[in-house]
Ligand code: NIG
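In the form predicted alone, a lone chain appears below as C-alpha cells.
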C-alpha cells in the first residue's frame, strides 16, 4: 500500500498548549454562523509560503508533514494560538489631544456643551490641518505598534478628520505609508463624509456635491482607499445624502461601509442593505426591524462596545439579539481621539463580554472571523484552518479564555503575519 504524500511546510509552530479552531465557520451570505470554538491541546500548526497547510496534534506532525530543509521551527510550549485579531473599524490616524473633553463628559457635560466649547470632530480637524504629515505618521505608527502587541494582524483605518480634499488626501497618504512600514494588513477607508465643516454648514448640499464630484474620483484615481464610509445621522449626513456619497463611491470602485443607528434610527441600515454595504457599524439604537432587515443580507453588523462604554451610554448595541437572530456579529475598537481611546483587541474582547454579554467564544469569533468578513476578507483570514493566511496571535497560557479575563495585562508572546514573525518573544 502506498503511503499518502506528506504536506510540505516551511514554517512550523510546534507543541502549542492550545490551538483555537472554529468547527462551523461563517461562510457568507445567507448562512447562519456557528459560534462554537474548540481548543486542540498539544497541537502544532504548519504553513507554506504564508498559508496554513496543516493543523493537528503535535505527535502526528512528523507523520503527516514534510518539513522542508530551511523551514523555521518555533517552540509554542506554554502558549495558546488564536487567529490574528481583525480590527475592522478604527480612526487610528489623527492629531491633537482631547483629554479635557473626556473630563467634561465624566462631569456630565453634554455633546452639545462640548461642541460649544470648541470640541468634537472639528477640533481634531483643526489639529490634522495644522500638523505636518510626517508627524501625523510618526504618531500613528506608535499607535499601530501598540495595537500589534494585543494580537491584531489586520486593521482598517479611516480618514475623515481632514474634511477638505487636501487634508483627506494627507490622511490617506499616512495610511498608505503605514501599509508600507508595517507587516500588518492595513485596510484604508475614505471617510470624507464624517462631518460637515463649520464653514460649509450654510450649504451642506454643495459640500456633498463636492465630495461626490471631486473628492471620491480623486481618491479612486490615486488608489488610496478600498472602502467609502459615511456617518448617517441627524447631526451629520441624511439618508439621501449618504446614498449619493455611497453610490458615487461604488461607481468608482470603492465598496460601501456606513456608520448607522448610533444616535438616531434614520434608515442607515436600510441603505446598507439596499446598496450591499460590506458592513453597518455602531448600531447602538438598532431595533427588531433593523435586525430583521440585516438577516440574510450579507451586511456584517459591527458593534463597538468600547465607544458606548467610553461615552457612558445607558445601554449598548443589542448584540445578544443579533446573535439570537443568526447574524454574523463583528466587534471592533473604533479607536479615535474623542469617543473611544481604548486601543487594541484584548480590551475590546473584555468589553464585549462585560457590556454585550458575549461568551468568550462569541467574542473571539466576532473579533476575528466575522470582523474579517466586515472587511471582505472572510475567506482568507480570521480562522486557523488550511487554506487561510498564517496569521496567529500567541498568548501565554493554555486557554484563549484568559485573553479577555486578563485584558489589562494581556499581550502577545508572538505575532505571526502571513507566515512572518512580526513580534518574537519565543
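Note that the structure is predicted; figures quoted are calculated from it, not measured. Positions refer to the first chain, counted from 1.
Keep in mind that the form predicted together with this ligand is not shown, yet the notes after this line are about it.
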* Of the residues 248, 286, 339, 167, which one places a heavy atom within 4.5 Å of this ligand in the predicted bound form? -> 339
* **Which of 312-320, 268-276, 219-227, 328-336 lines the interface with this ligand in the predicted bound form (heavy atom within 4.5 Å)** => 328-336
* **Candidate spot 22, 47 and 389, all three touching this ligand in the predicted bound form (heavy atom, 4.5 Å)** => no
* Asked: Is there a heavy atom of residue 111 lying 4.5 Å or less from a heavy atom of this ligand in the predicted bound form?
  -> yes
* To do: Spell out, yes or no, whether the shortest heavy atom distance between residue 87 and this ligand in the predicted bound form is within 4.5 Å.
  => no
* Asked: Is the gap between residue 231 and this ligand in the predicted bound form 4.5 Å or less for some heavy atom pair?
  -> yes
* Would you check, heavy atoms only and a 4.5 Å threshold, whether residue 121 touches this ligand in the predicted bound form? => yes
* Structure fact -> Within 137-172, the residues having any heavy atom within 4.5 Å of this ligand in the predicted bound form are 161
